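Here are two versions of the same chain, shown separately as structure tokens and labelled structure 1 and structure 2.
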Structure 1
Amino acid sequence: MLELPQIYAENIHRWLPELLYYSLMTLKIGFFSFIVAVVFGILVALCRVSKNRLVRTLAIWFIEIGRGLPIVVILYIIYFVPPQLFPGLNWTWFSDFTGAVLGLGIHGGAILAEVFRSGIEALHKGQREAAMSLGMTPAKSMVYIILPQATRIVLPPVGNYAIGLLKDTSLCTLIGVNEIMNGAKSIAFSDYQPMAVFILVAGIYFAMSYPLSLLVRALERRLSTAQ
């Protein structure tokens, strides 16, 4: 540990720019995976509270399978299985980045579906009935009455999920994505300084995740004062 300052003094000018470059890919994967997860989560949550038994059952199976499988397994399935099942199709568009976003997004969608469902069901059903008595359709009552209120309820767990997702992007190195952990391993093995490199990576992860935590707190305060 006493040698770390000297190691950083000699190598930080090489390591930091390269790691920051790879961290942009980490942020990119995290951002698009979060969008996919939110979209999947909302759609599956709406199916989960549907009155149609078949739709509700399919949503439950998606949630249970998505939450029950490790992220690594989902990433491998999404990235490696489709080209083998349909070898005749053109898969040149399906990059490791695409596989990472879909894999993390599908897993996150299963998690957020239950979060959104709990937020929807936390509201009294009389609000939807009152909206429909005023002439609103079920879809409009959900969009204009239920979902805005449910947002205040689900914001803390969704914010925590976003922070966890940013760290889960490190698993994407297993399918060859050039994100920060992949870059860190290359530097650590080439310079034989794994401890120094990964301590620096830990600082970069914290620098990326802490602003998200502050943003979530700010949104919570703003929504609480808006009530």
Structure 2
Amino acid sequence: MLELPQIYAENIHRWLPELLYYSLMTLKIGFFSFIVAVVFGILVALCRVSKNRLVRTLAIWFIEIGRGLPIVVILYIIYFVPPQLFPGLNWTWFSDFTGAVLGLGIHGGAILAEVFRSGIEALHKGQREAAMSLGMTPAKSMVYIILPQATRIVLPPVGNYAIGLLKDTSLCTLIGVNEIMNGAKSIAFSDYQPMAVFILVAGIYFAMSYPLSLLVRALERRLSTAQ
């Protein structure tokens, strides 16, 4: 334990730039899968509150499966299964990065769908009725009346999801994406310094996620006083 500072003093000028380079990939996966998750989340939430029973049931299935499966299993299914099920198609575009983004995005979509639904349902029914009685179509009242107000409610849980997502990107190393954990593994085992390297990696993740969690907490406080 005592020699850790010395190990860092000797090696950090080599390790840190390399790990930071890999962490760009982590941020890239996080960013793109967040967008995919939000898009999926909104679509599935709208299907979940739809009047059509088939659409609603499909949405419920998506949510139950997306939340019930471990993320690793989703990543493995998304990345390995489709090319084998449909070998005739052209899969050259389907990289580990695409698989990672899609897998994390689907899992996030299931989580966010429930968040968005509770946001939509938290609003008083009267809002929608008022909008409809003003002659808005259901789609218009959703876009102009319901969603803008629901956004405020869902912002803190979406922020918490983003923090979780940033940490979950570490699982992409298990399907071989070259992100920070992958880089850390190769450095740790080539330099025989697993403890020092993995603690450094933990520090980098913390440096990325902690500001985000402070931001979410500030947001939570502001929104709760605003109400």
Partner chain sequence: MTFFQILEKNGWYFFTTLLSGWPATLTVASGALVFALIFGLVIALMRISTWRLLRWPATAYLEFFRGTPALVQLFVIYFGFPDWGFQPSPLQAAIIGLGMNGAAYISEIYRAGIESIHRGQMEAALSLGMTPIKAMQHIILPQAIRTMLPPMTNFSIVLLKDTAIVFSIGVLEVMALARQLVTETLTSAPIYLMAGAMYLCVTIPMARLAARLERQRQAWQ
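Between two forms, the rigid core is defined as the largest C-alpha subset superposing within 1.5 Å. Just so it is clear, the structure is predicted and the values come from calculations on it, not from any experiment. Sequence positions of structure 1, starting at 1, serve as the residue numbers.
Visitor: If I had to pick the form predicted in complex with its partner chain out of these two, would it be 1 or 2?
Guide: It is structure 2; that copy is the form predicted in complex with its partner chain.
Visitor: Is Asn11 one of the residues whose C-alpha moves 2 Å or more between structures 1 and 2 after the core fit?
Guide: Superposed on the core, Asn11 moves its C-alpha less than 2 Å between structures 1 and 2.
Visitor: Does Leu215 show a Cα shift reaching 2 Å between structures 1 and 2 after rigid-core superposition?
Guide: Yes, its C-alpha moves 2 Å or more.
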